[in-house]
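What follows is a single chain, given as structure tokens, in the form predicted alone.
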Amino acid sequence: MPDASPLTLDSVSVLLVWTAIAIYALAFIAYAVDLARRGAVAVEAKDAAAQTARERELVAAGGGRGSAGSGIVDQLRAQETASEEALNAPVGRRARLVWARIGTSLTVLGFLFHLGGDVTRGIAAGRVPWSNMYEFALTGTLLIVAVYLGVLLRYDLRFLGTFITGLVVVLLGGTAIWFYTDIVPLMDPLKSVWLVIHVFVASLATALFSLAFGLSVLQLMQARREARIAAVASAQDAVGTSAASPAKTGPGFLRTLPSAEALESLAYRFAILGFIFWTFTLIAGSIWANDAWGRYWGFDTKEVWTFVIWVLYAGYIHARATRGWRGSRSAWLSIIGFTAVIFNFTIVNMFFKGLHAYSGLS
């Protein structure tokens, strides 16, 4: 943490950052309440639908018994259709979820304070604010929130708000506590236009990968729920009985989310966009390395891990597009890829010293 003596632009930056963290934490709580309320409403709607289905079966009992399990499957498909329509609904026609709106409003407010902290850090340093580990995290988390808020204009991803704000609170809070560094002059290799381009694009790619990661986690949860419902429907068809509702299939809010297939498709789109930016990051880094050290590639630890991440996401995109790796396998590849991104930012920067030793940590 900086000295508490005179109030400088850097001190103002730190104050703004901690204010943003506090607001993001409040947004996380609001989004969590929203998910809880969605779950409760979904359970009530499900019970009402089950009661209606039972009444229809009793009415039709004299004319032959229908498929018990098919009723459950029909309910599932109806929920998926409604959820996917809500996902693509224009901003003005979206469900008026009070706690989700509070969470989004707080996220916007936190973003403004976060932006102020990033900008004042850059002004205080007299350069772009991403030349060390602290500043990269400051800008990277800012872009995660920016991309999330931007995507909300096209897709109703407020159900992802808990994940996004929680991730930012952990990353930004940990950065402010453990990675803070005083402003120092740039090292000679960093005095390049590529500092502006290369690092910013890498941060943008990371933001897109984080959205794909969050959607992939939800995809796995939703796929597990759908598999359980299908198993219950199959069992009911086999014995010719009907139950009020299948066994508990996971958190209630999952009933208000799009299908696992829709979540996977959306995660795939974000991963492709992130991969494009990461490819540019790799190419730009090689050009910058040639300008700074006279070679395009030197098997430095940072270079190797940047390439490893590129290979992981290239494999994910290729496997899903041409090898039919869909469903859980696709989601796990996305999750592994983002885990490699976080490993590259934390472990590699902190413990593997090389030509890219710009973390600013002693």
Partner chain sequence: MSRPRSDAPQGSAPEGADVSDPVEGMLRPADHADSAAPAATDEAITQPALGVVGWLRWGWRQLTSMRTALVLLLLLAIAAVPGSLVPQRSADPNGVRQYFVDNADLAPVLDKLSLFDVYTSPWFSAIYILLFISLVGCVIPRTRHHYKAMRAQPPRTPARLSRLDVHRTEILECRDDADAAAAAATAIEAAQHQLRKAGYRVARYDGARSFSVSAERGYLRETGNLVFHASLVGVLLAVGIGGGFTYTGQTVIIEGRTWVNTMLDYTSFNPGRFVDEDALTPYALTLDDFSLSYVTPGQQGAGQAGDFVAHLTTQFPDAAAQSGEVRVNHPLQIAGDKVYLMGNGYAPTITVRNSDGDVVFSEPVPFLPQDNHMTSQGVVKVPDGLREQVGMVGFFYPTAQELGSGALTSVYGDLEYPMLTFWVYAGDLGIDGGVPKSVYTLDPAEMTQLAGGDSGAASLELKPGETVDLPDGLGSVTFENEAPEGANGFQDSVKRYVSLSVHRDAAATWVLLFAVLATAGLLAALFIPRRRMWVRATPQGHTVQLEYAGLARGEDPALDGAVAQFAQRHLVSLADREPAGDRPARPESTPDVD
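Residue numbers count along the first chain shown, from 1. Just so it is clear, the structure is predicted and the values come from calculations on it, not from any experiment.
Omitted from view is the form predicted in complex with the partner chain, to which the following refers.
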Would you classify residue 40 as touching the partner chain in the predicted bound form, given a 4.5 Å non-hydrogen atom cut-off? no
Look up in the predicted bound form whether residue 207 has a non-hydrogen atom within 4.5 angstroms of the partner chain, and give yes or no. no
Any of the heavy atoms of residue 312 lying within 4.5 Å of the partner chain in the predicted bound form? yes
Looking at the partner-bound form in the predicted bound form, is residue 185 within 4.5 Å of the partner chain by any heavy atom? yes
Indicate whether the candidate residues 191, 272 and 319 are all in contact with the partner chain in the predicted bound form, with contact defined as any heavy atom within 4.5 Å. yes
Which among 210-218, 114-122, 284-292, 169-177 is in contact with the partner chain in the predicted bound form, heavy atoms within 4.5 angstroms? 284-292
Contacting member of 152, 102, 108, 87, with respect to the partner chain in the predicted bound form [4.5 Å, heavy atom]: 87
Sole residue of 230, 223, 276, 201 within 4.5 Å of the partner chain in the predicted bound form, by heavy atom: 276
